[in-house]
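Shown below, as structure tokens, is a lone chain in the form predicted alone; questions about how it binds or moves come after it.
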Amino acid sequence: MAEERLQTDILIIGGGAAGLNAALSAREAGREVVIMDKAVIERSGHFAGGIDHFAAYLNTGPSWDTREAYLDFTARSARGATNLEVVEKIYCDQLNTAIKRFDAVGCSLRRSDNTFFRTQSYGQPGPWWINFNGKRLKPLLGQAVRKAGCRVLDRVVTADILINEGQVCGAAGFHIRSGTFYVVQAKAVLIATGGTNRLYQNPTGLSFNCWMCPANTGDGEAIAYRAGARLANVEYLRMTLIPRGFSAAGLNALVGMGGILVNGTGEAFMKRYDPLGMKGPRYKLVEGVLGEIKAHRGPVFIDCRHLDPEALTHLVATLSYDKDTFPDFFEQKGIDLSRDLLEIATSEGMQGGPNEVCGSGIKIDADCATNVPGLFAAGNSADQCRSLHMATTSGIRAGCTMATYAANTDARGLPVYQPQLDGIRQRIYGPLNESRSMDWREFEDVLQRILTEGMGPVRSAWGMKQAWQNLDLLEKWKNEVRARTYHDLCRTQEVYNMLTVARCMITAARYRKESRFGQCHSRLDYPQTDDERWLGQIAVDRDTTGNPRTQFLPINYD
């Protein structure tokens, strides 16, 4: 198999919003940058097809439009999962730079009259969501990093981080078309590969028809965990509401513009589940829909018929910013939002943070650094970051801090530990062995069923124990998964990484003996939120035998 070796100051794994913003900031600081992405950076990641919202306080005068209000809301809405010192450094301190970055790459958050179109949803105290046309944001960011002089390795899957003398010194991976083995030595490595999707059965029966990017399969979390990094907030299940039978982003736009959830009797029911009603957190909206269906008051619809024509026109236009085929869905179903109700269902589950201001994944500090020297994380891969606003700001913060770190370390000169490299190569190409008999799709299907049955919106000690035992049975087949092409090798890496994340998720969920954030972590055997014992994070890392272990990290909000 062909091999290519490179050297750089900074290696960025993942070319999404966080990774590309980190690359631009690192280049501005004069560092050499290599980006590895398993797709093509102009159209990869969660918002590859576009995006329509960015959360920001703008200091326009009202008390809700300030840094203090944002931090207060974050502390209340993500209590027990968020570290305010980290949030302030990676979001608040970088927010103005982030807004300027949008202008610099040619995708302004402003309208033609220089104003912002702002909406309110998900429990926010004011209209923090800036509604904008982000259809071209990803290509523009991709073009900007190429122009800045970054070397981009498109279609290269990262298999593992390279460690020598307890310090990160690069990463290894392979090209999904040629099979070429890549070894990149670096002083610092950033993981920015997004969250973990495709872990749960999809209501449509189509695994790749998911709410978020189906290529985000916990790769970064898994390779960081294998490198010795701690994960946090990974016990939380994330779900949203989607048009029945069609996974598409758009709930924020529908709710922000004034859409109302109604049950099968026509009743607007959300006040029954949260005092804020339709302005409540996303997980409360999901809880409301699940509750109505369970109580046999379904089906559930979203009603936009009361919106004024101008607002409705804006809503319909912006729904396609995230997913081009949304208007096609309406047309083929014969749905006119000014006249018809839109039936709503819950999405598939995924491993994710509890809300829009707090994430899950690799535990980071205020510099976006992990507990492993030289390893950093940003965006949805990190435990404190969620959504475009924090992916952008954490990327900017990480790029700056990594540039400083790289200027003060000689890790680039560390030799690659050859036995580790040989093990990675063997694991990567092993599935090409013709004696293997299991298709990666079969392995993924079983994994999804195990998580759906044992780690869904309602959990118990018994159910999670069964899920763990079933993963033990599934893992016996791990070395039977076969790849017929290099693209299949990418899929085998994904299912291996999803299995790793599933293990960490169950470990943390079993340890947290309480319920928190509604359906995100709801235990039948511990139904109450217990701040006295569980106000903090469950950190998961790897013990000396390779198994996940837990540690409770209390958070003081005083």
Partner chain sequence: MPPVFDANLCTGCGTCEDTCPLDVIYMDEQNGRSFAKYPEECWHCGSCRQECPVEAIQIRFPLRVMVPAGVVPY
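Residue numbers count along the first chain shown, from 1. Given the structure is predicted, the values throughout are model-derived calculations rather than measurements.
The discussion below concerns the form predicted together with its partner chain, not included here.
Of the residues given (253, 215, 229, 162), 215 alone sits with a heavy atom within 4.5 Å of its partner chain in the predicted complex. Note on the partner interface in the predicted complex: the residue among 105, 290, 388, 406 having a heavy atom within 4.5 angstroms of its partner chain is 290. From the list 39-47, 24-32, 62-70, 504-512, the contact stretch for its partner chain in the predicted complex under a 4.5 Å heavy atom rule is 39-47. Among residues of the shown chain, residue 246 is one whose heavy atoms approach its partner chain to within 4.5 Å in the predicted complex.
With a 4.5 Å cutoff on heavy atoms, residue 329 counts as touching its partner chain in the predicted complex. Put simply, residue 491 is close to its partner chain in the predicted complex: some heavy atom of it is within 4.5 Å. Using a 4.5 angstroms threshold between heavy atoms, residue 441 counts as touching its partner chain in the predicted complex.
Interface residues of 99-138, taken as those with a heavy atom within 4.5 Å of its partner chain in the predicted complex (partner not displayed): 135, 136, in sequence order.
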